[in-house]
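Take a look at this single chain in structure tokens; it is the form predicted on its own.
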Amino acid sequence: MISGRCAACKNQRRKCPSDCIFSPYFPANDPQKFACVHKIYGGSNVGKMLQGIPTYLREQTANALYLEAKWRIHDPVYGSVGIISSLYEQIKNAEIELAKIQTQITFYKLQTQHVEAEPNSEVLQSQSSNMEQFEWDNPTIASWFN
């Protein structure tokens, strides 16, 4: 037997009128949605809230009320704020970890550049010492620097 009542009317054990404010937002196939909202806000308060806002915002409002109620039942003290705080903490920790890894990558890049540059600097040093010997052997050039 399929009933034409929405989840709100089923929960409150009443006949669902054709112009029921709850039926578009709390369908019969998802009774948990209205049960959570009813437990936290109360059925008549939810009805008043839905009637007090424009029709195009009612679906978003019903979904927001459901999510807030669900998290309030899950965490009675902090509700959805606790979840948001936890997510911000995870983001902050991930950013710190990313900064550490970027620093390590930069360090290793500089270290490999330094290692690659050392053999070239040894060659340049040996060439420059040969040039110094050549220059100082020539008395004319030596007198310019003294």
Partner chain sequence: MGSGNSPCASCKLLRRRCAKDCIFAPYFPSDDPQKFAIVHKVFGASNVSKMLQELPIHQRADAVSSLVYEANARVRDPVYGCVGAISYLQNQVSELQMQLAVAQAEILCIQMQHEPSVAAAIPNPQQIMEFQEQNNNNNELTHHHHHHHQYLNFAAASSSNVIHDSLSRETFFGHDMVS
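Basically, rigid core = biggest C-alpha set you can superpose within 1.5 Å across the two forms. Numbering follows the first chain given and starts at 1. All values reported here derive from a predicted model rather than from experimental measurement.
Omitted from view is the form predicted together with the partner chain, to which the following refers.
Proximity of H114 to the partner chain in the predicted bound form: non-hydrogen atoms within 4.5 Å are absent; the residue sits far from the partner. Under a 4.5 angstroms non-hydrogen atom cutoff, the partner chain in the predicted bound form has G42 among its neighbouring residues. In the predicted bound form, Q104 approaches the partner chain with a heavy atom inside 4.5 Å. Using a 4.5 angstroms limit between non-hydrogen atoms, Q32 is distant from the partner chain in the predicted bound form.
Contacts between stretch 69-100 and the partner chain, counted in the predicted bound form as any heavy atom lying within 4.5 Å, involve W71, R72, P76, V77, Y78, G79, S80, V81, I83, I84, S86, L87, Y88, Q90, I91, N93, A94, E95, E97, L98, K100, listed in sequence order. Fitting the two forms on the rigid core leaves the C-alpha of N63 displaced by under 2 angstroms between this form and the one not shown. Core-superposed comparison between this form and the one not shown: the Cα of T106 travels 2 Å or more.
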